[in-house]
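Before any questions on how it binds or moves, here is one chain, the form predicted on its own, in structure tokens.
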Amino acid sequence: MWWQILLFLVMSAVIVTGFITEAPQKQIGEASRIFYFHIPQAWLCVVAFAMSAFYSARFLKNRKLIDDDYALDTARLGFIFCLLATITGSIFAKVTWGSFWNWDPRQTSIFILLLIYGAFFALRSAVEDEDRRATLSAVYSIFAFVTVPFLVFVVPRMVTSLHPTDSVIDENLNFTMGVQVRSIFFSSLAAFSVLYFWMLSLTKRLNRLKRKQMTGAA
């Protein structure tokens, strides 16, 4: 319970300090405050999709349906974080570029990522047999994750983009943020990460209870 209270306090502190302190980047101005939330959301969508691929691989190895449940739930969380990153990025685009959507390389790549995992959920809903659905979903999840680092980290850097670069570290791996901004940013990143793993642990607990009930009913 204590860490949940701590999480609430840290999240609250990040929100308050993120808006009452000086803007992270002077050139961009007030809109740069969204970095405190946008970047952690984008990072956690990568983490969540990686966890989905991990549980999918574990299912293919052990053939335990509970791993398929875990893979599905963390994919759902990843999709939520990906959607949040898209929304916050669109808000930033409206303020700085004049429109919510510009088909910038980063916007395009994250849109493709949403389509890929949207197709993952469509695939699951189209297959009725549980074992076959789990197997097909596991294979799809693993191959889908192969595209994630490419779309998130590689493609946007291969072409000219309106999106700010070197927001956290520069090409020499030096921090581009001041101490105050850095402390708020990494506190936000840590808080979002704990929130994700907490949500994942809750869904895993629910899935174990459901599997027990199904076993008992059988």
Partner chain sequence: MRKKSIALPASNAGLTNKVLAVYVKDLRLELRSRYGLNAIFMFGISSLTVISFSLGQAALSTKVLSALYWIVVLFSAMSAMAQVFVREEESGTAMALRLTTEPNAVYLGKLFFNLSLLVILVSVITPLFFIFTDAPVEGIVNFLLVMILGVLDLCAATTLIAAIIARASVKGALFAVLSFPILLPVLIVLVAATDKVWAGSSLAEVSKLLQFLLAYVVIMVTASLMLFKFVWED
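Positions refer to the first chain, counted from 1. It should be emphasised that the depicted structure is a prediction, and the values quoted were computed from it without experimental measurement.
Absent from the display: the form predicted in complex with the partner chain. The rest refers to it.
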### Message
Under a 4.5 Å heavy atom criterion, is I142 part of the interface with the partner chain in the predicted complex?
### Response
yes
### Query
Is F150 close enough to touch the partner chain in the predicted complex, meaning at least one heavy atom pair within 4.5 Å?
yes
### Query
Does L189 make contact with the partner chain in the predicted complex, using a 4.5 Å heavy atom cut-off?
no
### Task
Determine whether any heavy atom of L60 comes within 4.5 Å of a heavy atom of the partner chain in the predicted complex, and answer yes or no.
yes
### Query
If contact means any heavy atom within 4.5 Å, which of 67-75, 112-120, 80-88, 94-102 contacts the partner chain in the predicted complex?
112-120
